[in-house]
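First, one chain by itself in structure tokens, the form predicted on its own.
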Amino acid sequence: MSRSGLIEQERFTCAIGALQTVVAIPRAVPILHSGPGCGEMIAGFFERSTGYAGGCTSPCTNFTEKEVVFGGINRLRDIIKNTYKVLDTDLQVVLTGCTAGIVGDDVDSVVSEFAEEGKPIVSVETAGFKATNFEAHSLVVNAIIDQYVSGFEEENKPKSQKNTVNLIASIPYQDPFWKGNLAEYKRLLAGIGLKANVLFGPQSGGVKEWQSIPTALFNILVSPWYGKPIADHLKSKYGQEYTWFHHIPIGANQTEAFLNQVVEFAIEQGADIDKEAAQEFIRHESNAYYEEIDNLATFLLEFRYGLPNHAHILHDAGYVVALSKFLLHEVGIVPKEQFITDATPEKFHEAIRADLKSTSDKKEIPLYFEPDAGKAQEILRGIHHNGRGLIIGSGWDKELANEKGYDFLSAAIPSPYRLVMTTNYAGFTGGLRVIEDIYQMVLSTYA
């Protein structure tokens, strides 16, 4: 399909949006070698995402015409020096914007000056025209591993901790539920006997946890495609194998599958796992989940004619597949046309289609890879199904839902209609929360 290069209603950002990856590391600070609007743009897109020193508060060289002509290396050096004076930080990560990328400033040499003094500092090329923030997330993480974590390998021997794993999952802030999801993954993995380095957010031990990355016996990748370069890099660098679960486990079916997959892989890798105890934990969590589902019976019977019977999802690949499986098998809402809006690289399309296709052997779910969400909405406007519909997407999609007379659930960014703090959609508890959100929204229409 030919494209103009312009898209409407973007659900992701350019590469410098990966400054949120840095913001999500406790006491880490992004330094932008870019124009003055980059940080403000990212802060506006993600909302409520400043963290320790992010968004429009990030130190920035404020590239102007002068730096375009003469270069901005001296200004960058001064900004780094002053940041150390003003902010008490554990890690600084310099990210370049488009102007620095075009001019060709030798950022690495400036950063190496400070690194040689023992400063914890990393540089990453994130010119916006080179990648999306989905891809740049991996660039930032791998740069920190190579330029910072590698300096602690002597005291953190590779694969020295048999029951420690590195979790590669939600992209901070791009996934609105990342804090809750990471906390739930950590809890679930602890329940089967594994200590998880989650690396980001309040559940992370900050740079100390990053320093211990090499010690993990293996890695867990929960993603259809983003983050895979991190898992591949760690396998190459430290010999850490990884188990790959291709979508977010939501609800009992997929969470059980996820945990069982991890248990089997952990045993294969030589982890000290009590398989019987792990299975007992999974059964306990599953029983608690189904007890709540049983309690829904009266509600579902009473409102059976007024609930959504089909759904369209506009989200990244991980959520589109995960929510489709969950809605069909555990909620009874049929997934119809689905739209993946994360600019998934084409090499992953076939595997994602296969994953979604495995949801049902009765009828194939139509799937569109469409980063132009305006175009996705136009397709959806021309689609009509009988019964009450549901759209799960970003704030961009609320008016479309109103136009079609559908229910609407805000579950993707950007969205001014919902405040998410520590809510999770992953796991057993995440499945229950999705059900709560859908039916609470439906009930509100009866007021």
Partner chain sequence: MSKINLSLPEVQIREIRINSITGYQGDAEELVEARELGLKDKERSFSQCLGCATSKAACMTVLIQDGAVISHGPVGCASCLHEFAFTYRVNYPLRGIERPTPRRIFSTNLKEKDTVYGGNIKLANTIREVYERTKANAIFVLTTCAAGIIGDDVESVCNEAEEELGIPVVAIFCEGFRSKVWTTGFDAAYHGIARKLIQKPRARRDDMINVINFWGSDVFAEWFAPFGAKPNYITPFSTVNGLKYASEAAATVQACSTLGSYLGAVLEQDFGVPEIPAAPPYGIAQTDRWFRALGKILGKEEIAEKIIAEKKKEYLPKIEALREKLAGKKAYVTAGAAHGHALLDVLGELGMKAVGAAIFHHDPIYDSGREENDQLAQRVADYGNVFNYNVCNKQEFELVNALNRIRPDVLLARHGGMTLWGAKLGIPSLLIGDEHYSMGYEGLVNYGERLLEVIENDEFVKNLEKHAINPYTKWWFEQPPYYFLKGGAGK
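Quantities reported herein were computed from a predicted structural model and do not represent experimental measurements. Positions refer to the first chain, counted from 1. What we label the rigid core is the largest C-alpha set whose atoms superpose within 1.5 Å from one form to the other.
Note that the form predicted in complex with the partner chain isn't included here; everything after this is about it.
Enquirer: Report the stretch among 158 to 166, 194 to 202, 369 to 377, 107 to 115 that approaches the partner chain in the predicted bound form to within 4.5 Å, counting heavy atoms only.
Expert: So the stretch in question is 369 to 377.
Enquirer: Tyr52: heavy atom within 4.5 Å of the partner chain in the predicted bound form?
Expert: Yes, Tyr52 is a contact residue.
Enquirer: Applying a 4.5 Å heavy atom distance criterion, does Pro416 contact the partner chain in the predicted bound form?
Expert: Close contact exists here: in the predicted bound form, Pro416 approaches the partner chain to within 4.5 Å, heavy atoms only.
Enquirer: Does Thr215 make contact with the partner chain in the predicted bound form, using a 4.5 Å heavy atom cut-off?
Expert: No.
Enquirer: Could you confirm whether Thr429 comes within 4.5 Å of the partner chain in the predicted bound form, counting heavy atoms only?
Expert: No, Thr429 is distant from the partner.
Enquirer: Which one of Leu87, Leu328, Ala190, Ala257 is close to the partner chain in the predicted bound form, taking close to mean a heavy atom within 4.5 Å?
Expert: None of the others qualify; the residue that does is Leu87.
Enquirer: Using heavy atoms and a 4.5 Å cut-off, decide whether Pro36, Thr57 and Lys130 all contact the partner chain in the predicted bound form.
Expert: Result yes, every residue of the spot touches the partner chain.
Enquirer: What are the residues of 15 to 47, in order along the chain, with a heavy atom within 4.5 Å of the partner chain in the predicted bound form?
Expert: Contacts from 15 to 47: Leu32, Pro36, Gly37, Gly39, Glu40, Met41, Ile42, Gly44, Phe45, Glu47.
Enquirer: Gly55: after superposing the rigid core, is there a C-alpha shift of 2 Å or more between the shown form and the other one?
Expert: Yes, the C-alpha position differs by at least 2 Å between the shown form and the other one.
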